[in-house]
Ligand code: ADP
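Form predicted on its own, single chain, as structure tokens, below.
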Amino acid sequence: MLQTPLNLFSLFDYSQRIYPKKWIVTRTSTGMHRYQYRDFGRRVRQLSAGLQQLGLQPGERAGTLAWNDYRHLEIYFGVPLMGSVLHTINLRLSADHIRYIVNHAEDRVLFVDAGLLPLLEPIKDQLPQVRYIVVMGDHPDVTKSPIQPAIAYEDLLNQSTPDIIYDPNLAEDNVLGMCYTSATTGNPKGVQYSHRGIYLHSMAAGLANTLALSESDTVMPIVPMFHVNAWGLPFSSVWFGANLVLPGPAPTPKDLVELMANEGVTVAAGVPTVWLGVSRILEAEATRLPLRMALCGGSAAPPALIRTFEDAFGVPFAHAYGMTETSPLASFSRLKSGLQDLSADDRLAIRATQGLLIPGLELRLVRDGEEMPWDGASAGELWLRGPWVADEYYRDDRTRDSFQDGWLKTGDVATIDEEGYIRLVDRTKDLVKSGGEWISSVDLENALMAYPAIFEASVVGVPHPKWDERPLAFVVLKEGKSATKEEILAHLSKNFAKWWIPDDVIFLDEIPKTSVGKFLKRALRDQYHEYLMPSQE
């Protein structure tokens, strides 16, 4: 058969030829920006030509500090199509971590939204390998860039012509992009993505058994474009000819609801905390959303959240699982046709799992070196491999801790039932180990967030002199609601053994979160490390 490379050129060229009239819509600080795929393609070529004039070479890295908007989307394609490497940088990381990431990746060019230039101020003299800053915005004052030389993005494009010719035979094993983990401990770890991996990952997003993306969709990635390629949605949506809606700088839940309603969004993707915020707006307003899928990932979606969206708002809610190292889609929760006759509660319990492995990947369930059975009860660490799964960390000795014999050791503890549904028990580091037994913080959190008065909940293990660790619960109540510790623990007692019940409940105004919106359990553990449980008093 013909040997054709699986690369980004194939996605881009197909989209330009077949769907030139589709739309890309961005919420900006000054209003809505709209243009068609044909305009997008012209500007992508201008960007590549401009970067060549700046001296960016194939294989060199261009970093981005940017929100989800049309210019960032152009960089997603313009950099890799010329053979260079797209490096998206998490703008919510500390200055020290941003410095580490830029230097470790050896970024030569940095694209920075004008409003984010202050992020560079503390490290302006600590990025010796950066040659240029490209400032994005309508009329940015490039003299305000802490690092020089700086050029305005639009000037870079305007001085270039769109007649660049891309190489259709760009090697599929070349690095297309890279992203660093969000570093809850230690320095972030770099993950590289090949053209082949992104091609196959994008194809998987179009399968009927997964997201079923198509040209009839209007897709809004709420998940940041600096986080795992916005779950691959920019690539797959452009390839399949879907309209794209990009929420722009620092969108609020109200902004997101208005965009979904006004732009006819059919698929939107975000972490559970985002959907919790959206639910608050929908509870207060009578807005009806046109979504055929609210896609949730990043951490486990509480069953109560799924039920609220589907029963109260009429929005189908889909749960997916993945990580930076898996590009990120690894599993997707869709009910098998043979399970449709189950009770509503049983169907919800299945759909609240992390779902079924996506075609193209393999998995194992390993504990103490032994492969565990798929019986829904035996827990072990998930190991994954496949064409869009990383095989190492970029220039990092921690590779040996996470990769073994061609498998990625995810660090997630799970069970898999006879039907193949994956249910995360916990992260290995988040399991509460009490009296030699495992307690799943995820199961407790899901049950807590099913309580009508609770908005957010997190559970961590804290030291205990007798049991090694005991669970401690943290909750944020819904506005205008009240609940006592005794009422909450009584609620949990209906579903869990006594030794699983948290020893105490701490009421907070807000649970600390990571840079991508997950609950920051490390901060809770650090703050309450010496917390005196009632049983110890």
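Treat the numbers as computed from the prediction; the structure is a model and nothing was measured. We number the residues from 1 along the sequence you see.
Only in words, not in the display: the form predicted in complex with adenosine-5'-diphosphate, which the text now covers.
Screening 227, 72, 195, 108 for any heavy atom within 4.5 Å of adenosine-5'-diphosphate in the predicted bound form leaves a single hit, 227. Screening 299, 308, 273, 214 for any heavy atom within 4.5 Å of adenosine-5'-diphosphate in the predicted bound form leaves a single hit, 299. Heavy atoms of residue 354 reach within 4.5 Å of adenosine-5'-diphosphate in the predicted bound form, making it an interface residue.
Taking non-hydrogen atoms only, residue 518 approaches adenosine-5'-diphosphate to within 4.5 angstroms in the predicted bound form.
Interface residue remark: residue 445 is not counted as part of the site for adenosine-5'-diphosphate in the predicted bound form, having no heavy atom within 4.5 Å.
Though the partner is left out of this view, residue 322 does reach within 4.5 Å of adenosine-5'-diphosphate in the predicted bound form, counting heavy atoms only. Residues within 4.5 angstroms of adenosine-5'-diphosphate in the predicted bound form, judged by any non-hydrogen atom, belong to 322 to 330 and to none of the other stretches in 322 to 330, 282 to 290, 96 to 104, 362 to 370. For the three marked residues, 48, 164 and 172, no heavy atom of any sits within 4.5 Å of adenosine-5'-diphosphate in the predicted bound form.
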